[in-house]
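The chain below stands alone and is given in C-alpha cells; this is the form predicted on its own.
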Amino acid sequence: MIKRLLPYKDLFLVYVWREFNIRYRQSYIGALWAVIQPLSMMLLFTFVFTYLIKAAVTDYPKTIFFYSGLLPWTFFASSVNYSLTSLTGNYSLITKIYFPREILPLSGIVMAFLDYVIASVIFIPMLFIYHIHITYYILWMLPLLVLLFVFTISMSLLLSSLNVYYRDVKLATGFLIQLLFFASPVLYSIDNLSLNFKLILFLNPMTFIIENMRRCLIEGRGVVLWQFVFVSVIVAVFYYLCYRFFIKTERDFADVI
C-alpha cells in the first residue's frame, strides 16, 4: 500500500485537508465534536449502570472504564461508517481519472484518527483526577494502536469495495457495527471468562485491542505476549485478504459505480 500511495502523497494530503474543511469549516464548535461523542456516551453508560441497572461493571471508576473503551471503538466505528460510502460518493472523480482508490477511504480514517487524538487529550486529566497511576506498560499502546489501525483499514477497504457492487452492504454494515459493539468489551471486561471463550472472542480483534488498551492504561498490566501474537496473525491475514480483494475489484470500480 505504501508503495502504491507514495507517488500520490500530495493528492492524499490534499484530500485529507479537504475532508477536514468539509467536516469543521462551518461548525461552530469545530473539533470539539470529536470529544462530545465519546464523552456523552460515557456519561450515558455511567448513569445507566450506576442508577438504573446498578451493575458492578468494574472496580475502577465507571467513567474511566467506559471512556477507555469508547475511544478506540469510536475511532473504529467512525472510520468504517465514513469509508463505506467514500467510493460511491465520489463516483464522478473515480470515473474521470486514475489514482489509487484507497486514498478515499484512508482519508476518512485519518480524520477519524485525528478525532481520536483530540478525544484522548481529555482522558489525561481524567487519569489524574481519579488517581490512576501510569506505568511503563503504557508503551504497549503503540503496538495496540498499530493493530487497531490495520484492522480498521482492512474492514474499511473490504466494506467500501463491496458497497460498490452491492448497495445492501450499507444497510448490513449498520447491523454489523451494532453486533461488533456488543461483541467488544466496551461495557464489560473479559477478565473472568475462560480461556477457550476468550480465544473465541479474540477472533474479533476489537475485543483484544479494547481490553488490553484498558489493561495498559488504567490497570497497570501488560499484554500477554502469546495472545498478542495470536491476534496479530489474525489481523495480518485479514489485512492481506482484504487488500488483495480491494486491488482485484478496483479495476472495475469505474464501470460498476
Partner chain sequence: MSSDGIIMFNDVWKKYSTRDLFHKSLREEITDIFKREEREKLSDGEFWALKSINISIRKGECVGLFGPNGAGKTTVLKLIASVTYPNQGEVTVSGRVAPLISVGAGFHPDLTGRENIYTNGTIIGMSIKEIREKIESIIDFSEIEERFMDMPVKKYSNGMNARLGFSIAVHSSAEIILIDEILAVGDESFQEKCINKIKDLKKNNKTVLIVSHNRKKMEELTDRILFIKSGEIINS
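If you're wondering where the values come from, they're calculated on a predicted model, not measured in any experiment. Numbering follows the first chain given and starts at 1.
Missing here is the form predicted together with the partner chain; even so, the following discussion is about that form.
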Between the options 106, 132, 94, 77, which residue brings a heavy atom to within 4.5 Å of the partner chain in the model of the complex? 94
Does residue 251 reach the partner chain in the model of the complex, with heavy atoms at most 4.5 Å apart? yes
Within a 4.5 Å heavy atom cut-off, is residue 17 in contact with the partner chain in the model of the complex? yes
Check residue 236 for me: does it contact the partner chain in the model of the complex (non-hydrogen atoms, 4.5 angstroms)? no
Does residue 162 make contact with the partner chain in the model of the complex, using a 4.5 Å heavy atom cut-off? yes
With the partner absent here, would 13, 101 and 255 each sit within 4.5 Å of the partner chain in the model of the complex, counting heavy atoms only? yes
Tell me the stretch among 112-120, 182-190, 148-156, 164-172 that has any heavy atom within 4.5 angstroms of the partner chain in the model of the complex. 164-172
